[in-house]
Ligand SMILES: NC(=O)c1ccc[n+]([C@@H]2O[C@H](COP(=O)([O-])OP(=O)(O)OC[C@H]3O[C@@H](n4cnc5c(N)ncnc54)[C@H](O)[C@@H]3O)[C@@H](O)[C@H]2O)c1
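Here's a solo chain for you in structure tokens, the form predicted on its own.
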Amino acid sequence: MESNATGATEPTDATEAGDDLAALGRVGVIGSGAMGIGIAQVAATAGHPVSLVDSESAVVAVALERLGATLERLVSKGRMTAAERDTVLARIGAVETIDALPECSLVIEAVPENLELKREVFAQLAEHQPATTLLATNTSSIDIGSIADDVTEPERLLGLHFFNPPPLMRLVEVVHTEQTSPAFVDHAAALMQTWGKTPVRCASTPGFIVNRVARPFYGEAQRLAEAGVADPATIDAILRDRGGFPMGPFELTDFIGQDVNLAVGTSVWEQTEHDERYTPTLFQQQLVSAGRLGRKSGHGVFTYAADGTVERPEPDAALADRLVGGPIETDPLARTVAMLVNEAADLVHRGEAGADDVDTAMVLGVRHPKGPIAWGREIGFDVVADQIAALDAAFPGGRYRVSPALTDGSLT
């Protein structure tokens, strides 16, 4: 089926744009890894014909086989019918090269996080797709403006950052550059809503919303453990049981992969010109150097048995009682929350995302119990500013800088 966008004019109304693309416009997906096949499933479930592009036919075959098994499990659980499964699978077809990709309303790139590879992909897409095709990257860490360097009509390039696994996670970060047309941003956000997703908008800032604002959740815990304030199990228990976070920072980074979490943090640090706020910790660097990557290696901060059970020390409840409510320098919960609020406030202050979008992203993307801006209002932005100032006095060097938004009244 040909794309509805072929020969069309650039969308100017968000609702109209979403309706247009939802009317079975073809979606191209570049890359058939876990994210690519997940995005293809979402698009096909929403009714789109999908062209899945991968030069490795064996990889595509395995991906489609896994998708079939996933959908079969949904059928067995009564979450979809056999006819619906067959329809979704029938909508997805494999294409070996970008130049063989039919004209699409939307193409989403989901190849490995390599800037040169992504530039090559989008240069080819720009050459072979009409100017009305919306081009999107699923990158989680690369500056989208740098990807657009070789793209004709760069106003049509933006980020659609899905979270893993795409069929289950509601959040999509819709990321724009200075060149991206606002009409295409509206276009993409409306489409994500038709796919059953919750879009949040942000500029192409390092880490976007979630991976930028979440840095203190990991960094403060690692610094507290590094300084000997408390052991990882106790810090995890404080953040989980008293803060309401679904997982503590150490068990979460073990789950993500210490190497993966370090790579994301390092990317943010490098893209912010080595801002002290994002300096990787020696604690995590040593874990990765030792091959202690978390669950996938059997040993990270904690040790994991073959059956997946975790072996870790019991939290020190008495120590937790002494730390929580004490000085900000040694209170894992208050210190972490203050830094999350400060980071979010800075993002809003720079105009890179709206306060509501930041809160939505952190609740849906990483399941924080509250959005950081809402949390700051509850605590009091002046209180948070005093806490950050106290941390700066205790640990000078630039990591703890009070966001102007905490004191200028713009968030109240």
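Numbers for residues come from their place in the sequence shown, where the first is 1. Worth saying up front: this structure is predicted, and the values here are computed from it rather than measured.
Quick note: we don't show the form predicted in complex with the named molecule, though the next part is all about it.
Undergrad: If you check Y278, F283, F162, F245 against the named molecule in the predicted bound form, which one has a heavy atom within 4.5 Å?
TA: By the 4.5 Å criterion, the partner-contacting residue is F162.
Undergrad: Given that the named molecule is left out here, which of D382, E56, E378, D356 has a heavy atom within 4.5 Å of it in the predicted bound form?
TA: For this set of options, the contacting one is E56.
Undergrad: Given a 4.5 Å cut-off on heavy atoms, tell me which of 34 to 42, 64 to 72, 344 to 352, 369 to 377 is the interface stretch with the named molecule in the predicted bound form.
TA: Among the candidates, contact is made by 34 to 42.
Undergrad: In the predicted bound form, is there a heavy atom of the named molecule that lies within 4.5 Å of any heavy atom of I92, even though the partner is absent here?
TA: No.
Undergrad: Consider S140 of the chain shown here, and say whether it contacts the named molecule in the predicted bound form, taking contact as heavy atoms within 4.5 Å.
TA: Within the cut-off, so yes.
Undergrad: Even though the partner isn't displayed, in the predicted bound form is E113 close enough to the named molecule, meaning a heavy atom within 4.5 Å?
TA: Contact with the named molecule, yes.
Undergrad: Does V324 reach the named molecule in the predicted bound form, with heavy atoms at most 4.5 Å apart?
TA: No, V324 is distant from the partner.
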